[in-house]
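In the form predicted on its own, a lone chain appears below as C-alpha cells.
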C-alpha cells in the first residue's frame, strides 16, 4: 500500500495505462526561435550556479517553457528546490486527525473536471488520492497555514505536471511565499491583494474605473482567478500551464496585474453593459476562453513595471495591511540565485552516501520519464454586496460557481 491507501501496483498500473493517452505539449513558435530558446534554457540549467535570471526570462517570454519536460526541470529551480532532496511520499498518518481532512476530500472529489476526458475512473481515483495526500502533507508540515477552497486547484495543476513528491515540495514553497496571503485564518490578507485591482485600472483607464465604481461591482469577480492562479476558470490546461510559467517567474502580485489586464482587454464589453452591479459582475466573472494570452502576459508585465506595487501601495486603501507574500519576496528571489545544477547535486548526493536518490527526482517521475496526466437583480446585488463586505466569498466565488467554471481539460504531455 502507498501513503494514499492505494496499492502500489495500482499506481504503477495507472501510470502505465496513461501512456496510451500521451499527447505532445509544445509551444508553437518558429523553429529557429524555439531552438534558440531551448538552447538558452539548457545552458542556464547546466551553468554553475544555475542562471536563474535567464530561466525567469524564458518562463515569462513568449511561449513560456515550451514543453512539460522543461517545466519539470525549470519549475523547481524557480522555487529553489533541490530535486535530490524531495519529501518522502506521504504515509497514512498524514490523514489522521487533520482538521481540514473532510473539506479537502470534498473539494478533491468535486475536481473531476480538472482531469482529462476519457481517463478511466480508476486512474483518476489514484491521482485524486495523491492530491489529497499532497495537500494534507503540506498543511501538516506548516501548521501556521490555513486551507482555503481553491487551494486544491493549484495543487492539481502541479501534480499533473511534476508528480506527487515534486508537487509536495513546490506547493510547500508556494504556500510560504506566493500564496501565503491566502492562507491566513481570515480573508483580510486576500482582500488586501484584491484591493490592488481597482488602482491599476484607475491608472490606465479612468473611464473604465469610474464605470465600475458607479456599478459598485467591487473586485470579488476576480477572487477565484487570484487564489487558483486561474487554474479553476480556464478550460484548456495548456493555458493554465502558460500562466503558471509566468507566475512562477514573477512577483506574487503578478496574478492581480493579469486580472487587471483581462478587465482592460474587455473594456468595450464592460462599458456596453448596463451600469448595474449584478450585470457587470455576471459579465466579468465568466472569463472568455479565447483570450490572447501572450499579449495579455506582455501587457501585465508592462503594467507591473510602470505601476509597481510600491507605487500603488501609497494609496490609502492599500496601507492598512502588510502582505507577507510581498515582504518576503525579495529575500526569496535572492535565495534562488546560488543553486547548483542538477549534475552537481547528483554527484554531491552520491558523494555523501545519501539514500535520498531513492526519494529524489528519479523516484518522483514515472519510470518511463512520461508525463503524469494532467490534465438589475436585487437579490444578486445584495448577495454580492454581503460577500464583498466580508470576503467570506471564497466559498461563493469558487465553490458556488464550480458548475459554470469547472474546466474540462486534457493535459497534453511531452
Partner chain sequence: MAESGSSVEFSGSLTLPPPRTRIFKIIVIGDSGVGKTCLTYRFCAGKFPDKTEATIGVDFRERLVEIDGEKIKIQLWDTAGQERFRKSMVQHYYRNVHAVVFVYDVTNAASFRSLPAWIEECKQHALGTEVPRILVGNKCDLQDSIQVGTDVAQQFADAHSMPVFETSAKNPNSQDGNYGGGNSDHVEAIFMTVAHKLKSQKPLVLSQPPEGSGGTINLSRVRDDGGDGSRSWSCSSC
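Numbering follows the first chain given and starts at 1. Predicted, not measured: the structure shown is a model, and the values here were computed from it.
Although it is not shown, the form predicted together with the partner chain is what the next lines describe.
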| query | finding |
| --- | --- |
| Candidate spot 185, 218 and 233, all three touching the partner chain in the model of the complex (heavy atom, 4.5 Å) | yes |
| Stretch from 70-78, 157-165, 284-292, 249-257 whose residues place a heavy atom within 4.5 Å of the partner chain in the model of the complex | 284-292 |
| Any non-hydrogen atom of residue 194 within 4.5 angstroms of the partner chain in the model of the complex | yes |
| The partner chain contact at residue 146 in the model of the complex, heavy atom, 4.5 Å | yes |
| 4.5 Å heavy atom contact, residue 103 and the partner chain in the model of the complex | yes |
| Distance check, residue 336 to the partner chain in the model of the complex, heavy atom within 4.5 Å | no |
| 85, 265, 110, 140 - the one with a heavy atom within 4.5 Å of the partner chain in the model of the complex | 110 |
| Single option in 312, 169, 270, 279 placed near the partner chain in the model of the complex, where near means a heavy atom within 4.5 Å | 279 |
| Contacts with the partner chain in the model of the complex, stretch 148-173 (heavy atom within 4.5 Å) | 148, 149, 150, 152, 153 |
